[in-house]
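Encoded as structure tokens, the following chain is the form predicted alone, with no partner shown.
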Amino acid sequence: MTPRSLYAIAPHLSRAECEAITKKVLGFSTADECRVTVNSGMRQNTRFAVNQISTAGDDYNASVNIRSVFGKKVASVSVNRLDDASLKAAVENSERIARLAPDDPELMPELPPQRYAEPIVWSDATASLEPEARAEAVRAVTEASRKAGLVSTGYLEAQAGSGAVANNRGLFAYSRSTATAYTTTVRTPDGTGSGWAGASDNDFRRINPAVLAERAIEKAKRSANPVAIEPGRYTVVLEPTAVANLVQLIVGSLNARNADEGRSFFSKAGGGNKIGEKVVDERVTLISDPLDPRVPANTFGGDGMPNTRVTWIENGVVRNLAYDRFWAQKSGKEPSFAGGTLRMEGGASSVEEMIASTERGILVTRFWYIRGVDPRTILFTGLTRDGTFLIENGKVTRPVKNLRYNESPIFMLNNLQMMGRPERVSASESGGPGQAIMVPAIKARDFNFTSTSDAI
């Protein structure tokens, strides 16, 4: 049975199937160097609105990317047909284009065989999730919302797949992974109140739809008929999702080359970068660890480079930046990869304790429509959404209209007052699984809100 026909009865390609495909492609290659990347899997989704399922679907796909190199010339071609003729044609096309390409002065040679830790990002429960189980998870929200006289919408997505990388120097890497996310927004019939709840994990069993329903319903009720308050700098209590919305933005600024070339917050005045410098509160530690059981990730990158634990910021001090292979070689550093997973260490305070200790402030459920303003300070703008409340004399007193902010996660993490216990959250604006991220709730001072918004 060919790999193509095997794939027709499985959601993803097995290790043996990927090995067979990569060996075949490498056998067709005449390039100086050739790398083959194979990805396959399924994506399931169920969407609901007005307390009922609106769409549901499962899609399956497999693709092969062939990267051919002649000297310093390189080109890639992708194909999603796995028969011999299609694979051979893709190899020939990549080689033809590569010969026409200009030289890449920063091209790195292919890696020799590597050793990888066994990934822990697979869950049978997620991979075997049936449409009926998704419908039951949706019903937990829609029925509770209907009984409460509210209107629910939401999105549930589950992914299961495999990936492999091989080259003509003998490297081969393979892994399987799963991911799932469930988010819901519940609103009052008059449209003045809106509450959100969401969760993300690689294991669907750790997502509790009933808890999400209760949280979103409670926020929708409490947020009805919000009042406007003056923008300005406020003490904020940010729930974990709101913290993740901002803290994950630091990952995109960790590029060592950008820092060394003066184009980043992590650039040092006069040249170089801020490794070894204190940049945030000493309670802040940020770690990427693909073997963290609560936020696991793949153990190799797209070129086959092993993905290992990296501490980016430790006790407020920058310990590492992300080096691609070229810049690592140029800088005399080890390559390191930022992405896929992030954990922020926390404290022991509860959100209730943070609120009780606040004379006047704002409680934020999450942020939305987040866009960059200044990469040199990691300054972003965006809006609060789906549950924003005024805190007065240690109590949540009333809902407030949403606010636009101009703020940097760096500024925020320098103004820390209290931190909670870390928890995994769904921090993707799209509603999909996104980056695996685990952060605490925090209380911070002087958070900059610049204007109000009538949008709910």
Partner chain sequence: MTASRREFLQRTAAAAAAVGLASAARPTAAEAAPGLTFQGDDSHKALALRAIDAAKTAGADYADARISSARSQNLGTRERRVTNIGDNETFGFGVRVLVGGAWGFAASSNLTADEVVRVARLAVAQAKANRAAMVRPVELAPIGPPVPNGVWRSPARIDPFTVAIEDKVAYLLEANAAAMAAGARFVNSNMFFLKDEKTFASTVGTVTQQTIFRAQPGMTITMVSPDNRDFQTRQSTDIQPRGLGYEHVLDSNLKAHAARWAEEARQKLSAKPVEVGRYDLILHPTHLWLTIHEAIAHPTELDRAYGFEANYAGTSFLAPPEEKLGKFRYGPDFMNVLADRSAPGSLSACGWDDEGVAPEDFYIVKDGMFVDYQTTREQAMWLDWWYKQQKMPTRSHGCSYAQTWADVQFQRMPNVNLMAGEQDLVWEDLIAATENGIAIIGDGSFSIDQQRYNAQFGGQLFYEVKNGKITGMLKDVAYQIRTPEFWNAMDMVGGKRSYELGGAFGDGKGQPAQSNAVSHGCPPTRHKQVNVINTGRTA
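Positions refer to the first chain, counted from 1. A quick note: this is a predicted structure, and the numbers were derived from the prediction, not measured.
Not on display, but discussed next: the form predicted together with the partner chain.
Undergrad: Going by heavy atoms within 4.5 Å, which of 200 to 208, 336 to 344, 301 to 309, 152 to 160 lines up against the partner chain in the predicted bound form?
TA: Going by heavy atoms within 4.5 Å, the stretch is 152 to 160.
Undergrad: Can you tell me if I275 lies within 4.5 angstroms of the partner chain in the predicted bound form, counting non-hydrogen atoms only?
TA: No, I275 stays farther than 4.5 Å from the partner chain in the predicted bound form.
Undergrad: Just checking whether R371 would be counted as a contact of the partner chain in the predicted bound form - the rule being heavy atoms within 4.5 angstroms.
TA: Although the partner chain is absent here, R371 would touch it in the predicted bound form, with heavy atoms inside 4.5 Å.
Undergrad: Would S14 show up as a contact with the partner chain in the predicted bound form if we use heavy atoms at 4.5 Å?
TA: Heavy-atom contact with the partner chain at 4.5 Å: absent for S14.
Undergrad: Even though the partner chain is not shown here, does K88 get within 4.5 Å of it in the predicted bound form, heavy atoms only?
TA: Flag for K88 set to no.
Undergrad: Heavy atom within 4.5 Å of the partner chain in the predicted bound form: which of R398, K395, R47, R421?
TA: Filtering the options by heavy-atom distance leaves R47.
Undergrad: Give me the residue from R215, R176, R385, R283 that has a heavy atom within 4.5 Å of the partner chain in the predicted bound form.
TA: Exactly one residue meets the criterion: R385.
Undergrad: With the partner left out here, which residues of 98 to 124 have a non-hydrogen atom within 4.5 Å of the partner chain in the predicted bound form?
TA: Those in contact are L100, A101, P102, D104, P105, E106.
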